[in-house]
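Below you'll find only one chain, the form predicted on its own, shown as structure tokens.
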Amino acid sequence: MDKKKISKLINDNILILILLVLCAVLSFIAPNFLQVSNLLNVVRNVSFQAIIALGMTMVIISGEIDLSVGSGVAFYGCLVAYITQKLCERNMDPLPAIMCGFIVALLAGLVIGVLVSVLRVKFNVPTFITTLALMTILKGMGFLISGGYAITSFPLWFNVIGGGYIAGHIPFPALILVIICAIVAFIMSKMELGRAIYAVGSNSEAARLSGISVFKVKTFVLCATCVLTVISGTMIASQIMSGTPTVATGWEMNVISSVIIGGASLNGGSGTVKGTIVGSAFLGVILNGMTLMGTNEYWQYVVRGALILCAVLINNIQANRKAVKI
């Protein structure tokens, strides 16, 4: 293999190499990092946020952003728990009650996704502003339906979805992540819709003139992210066995960080599913390692912010190099 191919291979997989080096370093300096129980815990924690990050990848590639996903996780979890509680009080079995709650949460997510898209495309309101407002609205709605307290209405078996294992070792959320990852990867790489998302993010006006419905594309990515947020919120509710309005605080930054660290551009038009998964794993390993080392929580915020800045700088440098070569 010649030097050019080696150089390209390294550039294309630089984040994976850094992640492997990081894991090797943490295995020496972080107590119990390589223990199976800890690694499975990392996989589980990463899965909850990576599921949403896959939707956020499509949103960012399309040139938009969603700041409401953290509050959405809390709200949808509370909504599922609230409806389950009310239906069980009317003597409905827990399984259909939970399914009804989940369906209602999905419908609410779809309505929110369409609303954000309409405001963006039809009224030219930036998604940054709309979802910033939604972040507060959904947080307030979570507190309203829960009364500020955890809603404990789930049967014991429900814990399997967020806290269970497959074959005794693989966290159930990781299985859900793999399935969703395969679906999103297929959409983005094999379907015309995926090419339309990239086109809209690169130049929405050119995409419109070429016959692509910008409204439909942005509605799809925003609704997809809301649906994935509902799924993650339901799994979190399953893990803690309650709908709690205080969970997932700050998740929007973790999710966006994973996508940006994975190589997506906030300008739109670039990003990959593979990069997002690696970015999610990278962030999860960093936070887990610092926790094991007893690093001050405030320093964790500093490191997270520095990682985002470095990722943006690296992406810009690589983009400039490619532009020069072209």
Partner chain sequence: MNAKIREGYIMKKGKRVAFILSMVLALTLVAGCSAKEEKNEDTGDKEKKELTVAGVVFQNDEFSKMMHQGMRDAAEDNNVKFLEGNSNDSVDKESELVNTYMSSGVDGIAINILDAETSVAALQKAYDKGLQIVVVNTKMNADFQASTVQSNQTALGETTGKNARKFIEEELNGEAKVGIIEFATLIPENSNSRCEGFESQLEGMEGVEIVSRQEAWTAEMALQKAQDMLTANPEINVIFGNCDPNTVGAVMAVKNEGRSGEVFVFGVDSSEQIANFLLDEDNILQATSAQQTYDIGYQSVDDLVKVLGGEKVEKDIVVDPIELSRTDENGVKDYIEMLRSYSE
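Everything numeric in this text was worked out from a predicted model, so none of it was measured. Positions refer to the first chain, counted from 1. Note that the rigid core is defined as the largest set of C-alphas that superpose within 1.5 Å between two forms.
One more form of this protein should be noted, the form predicted together with its partner chain, which is absent from this view; the next part is about it.
For the options Y149, F128, F215, W157, the residue carrying a heavy atom within 4.5 angstroms of its partner chain in the model of the complex is Y149. Residue in contact with its partner chain in the model of the complex (any heavy atom within 4.5 Å), chosen from A207, M241, A174, L134: M241. Taking the partner from elsewhere, A199 is found to have every heavy atom lying beyond 4.5 Å of its partner chain in the model of the complex. Contact between I236 and its partner chain in the model of the complex is found at the 4.5 Å heavy atom cutoff. Within 4.5 Å of some heavy atom of its partner chain in the model of the complex lies at least one heavy atom of L287. Under a 4.5 angstroms non-hydrogen atom cutoff, its partner chain in the model of the complex lacks F28 among its neighbouring residues.
The stretch among 162-170, 115-123, 199-207, 177-185 whose residues place heavy atoms within 4.5 Å of its partner chain in the model of the complex is 162-170.
Contact with its partner chain in the model of the complex holds for all three of N32, E297 and Q300, each having a heavy atom within 4.5 Å. Once the rigid core is used as the reference frame, the Cα position of S270 differs between the shown form and the other one by less than 2 Å. N45 is not among the residues whose C-alpha shifts by 2 Å or more between the shown form and the other one once the rigid core is aligned; its shift stays under 2 Å.
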